[in-house]
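Structure 1 and structure 2 below are two forms of the same protein chain, each written out on its own as structure tokens.
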Structure 1
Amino acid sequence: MARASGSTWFHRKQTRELALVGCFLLPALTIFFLYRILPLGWNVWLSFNSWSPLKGAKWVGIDNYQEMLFDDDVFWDAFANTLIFIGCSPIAIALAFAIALLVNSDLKGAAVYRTIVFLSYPLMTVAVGIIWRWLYDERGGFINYVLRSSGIVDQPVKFLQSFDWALACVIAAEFWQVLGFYMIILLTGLQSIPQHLYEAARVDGVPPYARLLRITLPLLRPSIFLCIVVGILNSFTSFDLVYVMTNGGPGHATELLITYIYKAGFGQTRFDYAAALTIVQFFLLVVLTVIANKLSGGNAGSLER
């Protein structure tokens, strides 16, 4: 009797608990469902359809992909630029690594240097774009000023209007913004390496460069992997920068996949085609992340399994 009533009560309490957990989780999960999971599926669906807000959906199979791969030069431009963009991030990571090593040493004022290097990361990317536009400006810009006054060039260089320079310039601006972030991640990684490993190596007579290669780098693999993933993701998030600095121009010299997606979707109202582009970029992201994971020894570079 007591047992029976106890167990129903127990069930009631369990459901109550479950309802509570459900209520607490629901708002967050709703948002992630609406803005992460559902869109991903919808993208896939859209990409196989011919659809625009005014006409109904029509299944067209891989037409969108076919067009993209065989008839769309801009796609290939954007694709190549995105790859270059991602491919350059190791340079920034290497720079950040050097800075992190310097800041991590027992340097007086290291905290100040760290703050300064990191200062540009939390800034509004649109503003960063405008700052760099201005730095590259051929009249009042700092870079042209330095180049001209030091006699390297006599005519001002129109960096952002030049097919040769524009992409590099955008990438440089991007470097400036994320360098601090890479540095912080690597610094955190460096600080988590137990100091006694270095002491042991020193007692064993391991030279400094070998300490760097044999101890620091392998133990830093998770942090480096993380940096690379962030670098890959930045090709998505750099929309703001490109939009403000060049808007993909000149021509399509700085067109990234993400800016092209925006233009296709909201410029030409070709949502279906934009969705197909998104799928391609997402696929690219996944593949690159998997490759990075493989290169860093699997398991996100972690040594513990």
Structure 2
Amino acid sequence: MARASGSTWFHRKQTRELALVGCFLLPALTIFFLYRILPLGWNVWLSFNSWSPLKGAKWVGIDNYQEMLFDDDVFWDAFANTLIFIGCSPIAIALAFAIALLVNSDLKGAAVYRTIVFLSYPLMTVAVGIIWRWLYDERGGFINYVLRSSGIVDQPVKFLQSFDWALACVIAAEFWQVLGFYMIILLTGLQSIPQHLYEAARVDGVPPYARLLRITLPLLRPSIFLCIVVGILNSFTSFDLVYVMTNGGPGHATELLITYIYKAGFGQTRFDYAAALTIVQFFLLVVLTVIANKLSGGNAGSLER
């Protein structure tokens, strides 16, 4: 009876489908575990120890976190710069939204403009950093050339060497690269909105700004949420752009958490402290993503059945 019961359970259609889905998901889940969950667990363990490749691990409890929060001014500079980086993302999203509205209209040559805006996104981030470092260059940079030729400034502006300008310049370069991606996401969302809603609103005499607020923005909520998440992720992964353009300088004016983690781990060989920084960055990423989801309605990205 036991064999018959087990055989019946295995031959059920739902069980076979679940087994098939499990077989398809197993490779992806294995890779996710090996390259995401396992490193995260390793970093959690390492952050509570004193460890380097030349010595064994020694349990130190929360000493690394205490040093980070109370004795490390560079951490707070990197933390603040990362939040500024994230806080500026809505500006890029708003610009991309305006461009998406423009190219989604009956504008002549809209396809060409879409292509031009999107061309910056496929470029390697290192190449983007090199291009913008040359544009900001004090001696031969294009921006300084235009400013001096037009008589706006008499002396070249040291954009990337200035404590006041450096972070803004890096953020502008990041905007330029990711603007096309935001535009494509928002344009896809705009084109998925049923046109009969706008037609009904026009018949009822609803003005354009009201159609934008009552139809477009509510239905674009999932696309906007995706752009916000991408902006948060870019703020945590912009290592190559910052490293090429400023290397976190001048001083620590453009230091981000990701660049500070690299310097702590590979520059100072303090892998335990770098692990603690990584855990703080991970929890900050989770908190900001949850907040963004709540602000977008609490169910952004969910599938409708």
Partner chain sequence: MRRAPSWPRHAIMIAVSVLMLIPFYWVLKTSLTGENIYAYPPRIVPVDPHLYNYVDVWYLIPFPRYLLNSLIVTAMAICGNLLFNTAAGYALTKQFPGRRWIVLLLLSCMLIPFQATIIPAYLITAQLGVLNTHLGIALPLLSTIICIFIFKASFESVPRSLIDAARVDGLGEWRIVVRILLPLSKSAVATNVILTFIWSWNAFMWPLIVTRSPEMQTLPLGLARFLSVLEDTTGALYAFVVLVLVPGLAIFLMAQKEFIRGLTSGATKG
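What we label the rigid core is the largest C-alpha set whose atoms superpose within 1.5 Å from one form to the other. Just so it is clear, the structure is predicted and the values come from calculations on it, not from any experiment. Just so we're on the same page, residue numbers count up from 1 along structure 1's sequence.
Form assignment for the chain places structure 2 as the one matching the criterion, namely the form predicted alone. In a rigid-core overlay of the protein, Val287 has its C-alpha displaced by under 2 Å between structures 1 and 2. Overlaying the rigid core between structures 1 and 2 leaves the Cα of Ala19 displaced by 9.6 angstrom.
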